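This document opens with one chain alone, in structure tokens, the form predicted alone.
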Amino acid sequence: MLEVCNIAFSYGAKEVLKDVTFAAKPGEIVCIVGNNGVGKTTLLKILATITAPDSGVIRAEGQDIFKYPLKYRRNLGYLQESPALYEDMTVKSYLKYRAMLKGEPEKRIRRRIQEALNTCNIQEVMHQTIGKLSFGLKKRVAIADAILLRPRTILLDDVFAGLDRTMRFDAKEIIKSVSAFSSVVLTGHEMTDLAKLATRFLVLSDGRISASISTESLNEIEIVSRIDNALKGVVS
């Protein structure tokens, strides 16, 4: 389980995050939403240990992720808003390189690659050069990288950005599949698609989590309405 406790962060004099607290359990798909510039990407970078918070604690499986960053990253999958891929490599060679870089034992690498290729439905392009792939296929490769070692925590920043309707559907199915073994935390703006995917929404406003909305027993229209009200500061 991922536990985020009283996280604060500032860029110079600008306070971005204030007392952010929440938890994501295995099997959950937690979506963080908010207006542009509210700090969603900054929060994910902190959860990925790319940026350190000014204060607060983040625990994974009960351990402080900044005290044991290498162990945490071994069980972390992270997709940046604009993922950087090695476009001169083939899909398969790239995933093999990434698995080795993450410290996966060589005897398990082939199986991990095959699982990721199957989950992301990119078996047919595994011998193609990444630079020659369409945007949607590149995004699938980036997701395959994030889920490669079956991590306990998966962070996906603006995961649907630039994807058409069909590609978003495919991405949703992939994320649902991997949530079986991971706590998934993601961000995005495509509310209708996210409402079909997330088990819980956290509304980030003025640097804090202003609302937590469980999607259980709610339809998509009700979910989107509650998020809109939360962003406007309306109590429902």
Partner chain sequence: MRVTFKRTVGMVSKLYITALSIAVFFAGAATLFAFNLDAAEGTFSALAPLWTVSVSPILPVLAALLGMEVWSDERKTGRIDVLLSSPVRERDFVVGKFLGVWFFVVTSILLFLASTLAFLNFYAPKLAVSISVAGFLPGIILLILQGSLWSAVAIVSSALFRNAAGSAATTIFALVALPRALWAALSYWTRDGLERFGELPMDIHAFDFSSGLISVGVVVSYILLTFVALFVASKIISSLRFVGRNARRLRFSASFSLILSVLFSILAIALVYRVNVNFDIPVAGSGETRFSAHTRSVLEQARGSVSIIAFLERKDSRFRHVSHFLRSLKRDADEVGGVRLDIKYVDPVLDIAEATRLVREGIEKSSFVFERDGRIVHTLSIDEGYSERIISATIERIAVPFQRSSIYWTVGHSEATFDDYNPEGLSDVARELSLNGYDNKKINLADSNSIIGKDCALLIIAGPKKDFAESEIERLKSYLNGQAGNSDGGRVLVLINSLELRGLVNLLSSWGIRPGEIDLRGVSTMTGDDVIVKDFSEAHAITRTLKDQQVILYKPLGLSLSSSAIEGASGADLKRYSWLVEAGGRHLASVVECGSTRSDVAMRPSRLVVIGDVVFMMNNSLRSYANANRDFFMNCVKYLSGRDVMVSSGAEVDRLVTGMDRDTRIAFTVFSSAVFPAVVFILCVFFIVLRRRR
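Numbering follows the first chain given and starts at 1. What you see is a predicted model, and the numbers here were worked out from it, not measured in a lab.
In what follows, reference is made to the form predicted in complex with its partner chain, a form of this protein that is not presented.
Interface residue among D228, E15, E220, D19, judged by heavy atoms within 4.5 Å of its partner chain in the predicted complex: E15. Of the candidates R152, R73, K138, K92, R73 is the one whose heavy atoms come within 4.5 Å of its partner chain in the predicted complex; the others do not. This chain is displayed without its partner chain, yet in the predicted complex the stretch 65-73 from 181-189, 202-210, 65-73, 167-175 comes within 4.5 Å of it by heavy atoms. Shown here without its partner, the chain carries D54, E106 and D145, all of which come within 4.5 Å of its partner chain in the predicted complex through at least one heavy atom. Mapping the unseen interface onto this chain, T119 falls outside it, with no heavy atom inside 4.5 Å of its partner chain in the predicted complex.
Although the partner is absent here, D88 lies within 4.5 Å of its partner chain in the predicted complex, judged by heavy atoms. Put simply, R98 is close to its partner chain in the predicted complex: some heavy atom of it is within 4.5 Å. When contacts are judged by a 4.5 Å heavy atom cut-off, T215 does not count as touching its partner chain in the predicted complex.
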